[in-house]
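Presented as structure tokens, the chain that follows is alone, the form predicted on its own.
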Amino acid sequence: MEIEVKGHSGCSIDIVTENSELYIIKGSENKDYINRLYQQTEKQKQAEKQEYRHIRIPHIYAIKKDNHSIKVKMEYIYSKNFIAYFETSGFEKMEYFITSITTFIEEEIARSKLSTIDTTIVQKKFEDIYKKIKENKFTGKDIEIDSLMKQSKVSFNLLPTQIEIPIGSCHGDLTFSNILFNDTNYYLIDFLDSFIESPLIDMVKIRQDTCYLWSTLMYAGTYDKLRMMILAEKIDTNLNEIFSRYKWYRDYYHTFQIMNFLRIMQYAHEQPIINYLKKVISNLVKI
């Protein structure tokens, strides 16, 4: 089954044929997106150099970039999106998926270094997000959101002066929508630079879907919601149990998950999404 190809904000995605072979062409003429796509592509190229069990990275063939546009030629992968994959998968495949994701993140941890960082980095990021949420015309005047921001600030102020987490390697946006589901492998796309390059970020992002079903909100088609909830809950329970072996995960996952959903809120412009985010963040700050 071929992948579902659709554009991202500021980015076009096309399928082209050359010498009977299919390729993906990602491009943008949006000046605000050109450097972002370039950085994503460079990160994907670096990840491609690594060897992962169960996980693959689509090959980047070429990058053409100037001050006005960028085009990236990438390997085309025959695959399913996450809905099509989970709709036809039993618990045996779920076990394989769990093993694949946890192995990938454990390989990231092995390539990272447990490091002590100043929490002002995290607090400054929170303040930047707070500012952008206030500047967003869809969220800036929402009294409930402002209250949630003030409650969230408490979590960041309670962090110790320094925290110890692994620094070095992460996908940056490890959600279901950025995984291509092949019958035998999982392909990661749309790498993203994070304000902190840590496997903890990938733990947070994958649970954005397994615990909170975020990517299903972006899916326009119909699907078996009950089945998806059951499978996601199984995956999430297993991932959380495995991740909890790490003290830094137990100590800081919750705060970084609040940060994660606030980072999404700063770009939100649709009321159903905003309402969903308010509900999730409200639950998180009460824990």
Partner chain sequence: MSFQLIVPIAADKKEYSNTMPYLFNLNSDGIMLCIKSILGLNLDIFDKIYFTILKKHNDPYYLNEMFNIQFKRTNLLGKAELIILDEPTESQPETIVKSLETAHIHGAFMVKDADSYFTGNIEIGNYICTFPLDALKQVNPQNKSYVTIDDMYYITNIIEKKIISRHFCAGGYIFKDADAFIQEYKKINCKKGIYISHIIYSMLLNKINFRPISVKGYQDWGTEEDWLWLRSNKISK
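Since the model is a prediction, treat every value here as computed from it, not as a measurement. Numbering follows the first chain given and starts at 1.
Beyond what is shown, the protein has a form predicted in complex with the partner chain; the following relates to that form.
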Look at the stretches 231 to 239, 247 to 255, 38 to 46, 62 to 70 and give the one with heavy atoms within 4.5 Å of the partner chain in the predicted complex.
231 to 239
Please check if Pro160 has a heavy atom lying within 4.5 Å of any heavy atom of the partner chain in the predicted complex.
no
Does the 4.5 Å heavy atom contact test between Glu95 and the partner chain in the predicted complex come out positive?
yes
Using a 4.5 angstroms cut-off on non-hydrogen atoms, would Arg227 count as touching the partner chain in the predicted complex?
yes
Against the partner chain in the predicted complex, would Ser89 count as a contact residue? Criterion: heavy atoms within 4.5 Å.
yes
